[in-house]
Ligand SMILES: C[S@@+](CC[C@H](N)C(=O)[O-])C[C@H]1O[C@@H](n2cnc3c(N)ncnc32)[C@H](O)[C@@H]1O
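In the block that follows, a single chain appears as structure tokens, in the form predicted alone.
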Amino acid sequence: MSEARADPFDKLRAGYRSATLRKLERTLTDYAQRNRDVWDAWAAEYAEWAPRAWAGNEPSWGEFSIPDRELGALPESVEGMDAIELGCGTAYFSAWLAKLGAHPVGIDNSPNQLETARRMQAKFEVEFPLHLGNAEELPFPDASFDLAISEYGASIWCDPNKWIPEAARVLRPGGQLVFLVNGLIKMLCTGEDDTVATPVDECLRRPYFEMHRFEWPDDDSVEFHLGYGDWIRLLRANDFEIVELIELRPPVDSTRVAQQVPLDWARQWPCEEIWKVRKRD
């Protein structure tokens, strides 16, 4: 039996990805480069549970995997919608949208995370475009999408003063942006010297005013978090109407363990929040 012949386009695709990576490296900010290095390093860990996420058919949110049917963050139907996932990682959320009839596109800063996403596409036979890039500078024309999603992607790893205007630009009038972030109270209860494994307690450890850039001492990553007033002003300045702020609470029978957040704490204060906004017509 003869050996399987190599795909003649493999080298071409690899060369294109390398050229895209080199181009991206020349434009990355300090925090985008740091975050890409961190997410590339985490890729093997995320690849372990990616198959379980891709196997699902129902969108869910956050560390407690709360089904969207209980939250109503997504539109009632995404059938036929052009959707973009900003900071898609292994792209399981885009896969869920595709299974519901949407036409998703994923973009992420981490080559290693996207390689996992491509393996999952082949494994589960769910295909959609994946782009290596930065959500702060999207390579898409104005008014390209009906729906933009970020679940712990660009929503915390990119500067909101940059990615929110880009999300607004690529959304069509009436399009929706739905993004999940860490709860404001949770972030105020983390100290500057805390690691990502330090449990939150009931003490305020950071100032509320002028929240923006958060750095973790143990993994060199950079996150961005805003106060409620700053979020509202930024969203309104970019032509968004605020539809709802959904504060997540773990189910009564939940036994899941969330990073930094004891279950009893999460039942008293929201450790995660979903902003649901709409671009004005």
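Numbers for residues come from their place in the sequence shown, where the first is 1. Remember, it's a predicted structure, so these values are computed and weren't measured experimentally.
What follows is about the form predicted together with the ligand, which we do not show.
Heavy atom distance at most 4.5 Å to the ligand in the predicted bound form, all of 39, 108 and 134
Yes, the whole candidate spot contacts the ligand.
To test your reading of this chain, name the stretch in 151-159, 76-84, 116-124, 196-204 whose heavy atoms come within 4.5 Å of the ligand in the predicted bound form.
One stretch meets the cut-off, namely 151-159.
Sort through 164, 171, 178, 88 and report the residue having a heavy atom within 4.5 Å of the ligand in the predicted bound form.
Contact residue from the list: 88.
Find out whether any non-hydrogen atom of residue 238 is located within 4.5 angstroms of the ligand in the predicted bound form, and reply yes or no.
Looking in the predicted bound form, residue contacts with the ligand do not include residue 238, since no heavy atom lies within 4.5 Å.
Decide whether residue 35 counts as a contact residue for the ligand in the predicted bound form under a heavy atom distance cut-off of 4.5 Å.
Residue 35: yes, in contact with the ligand in the predicted bound form.
Could you confirm whether residue 46 comes within 4.5 Å of the ligand in the predicted bound form, counting heavy atoms only?
It does: once the ligand is placed as it appears in the predicted bound form, residue 46 has a heavy atom within 4.5 Å of it.
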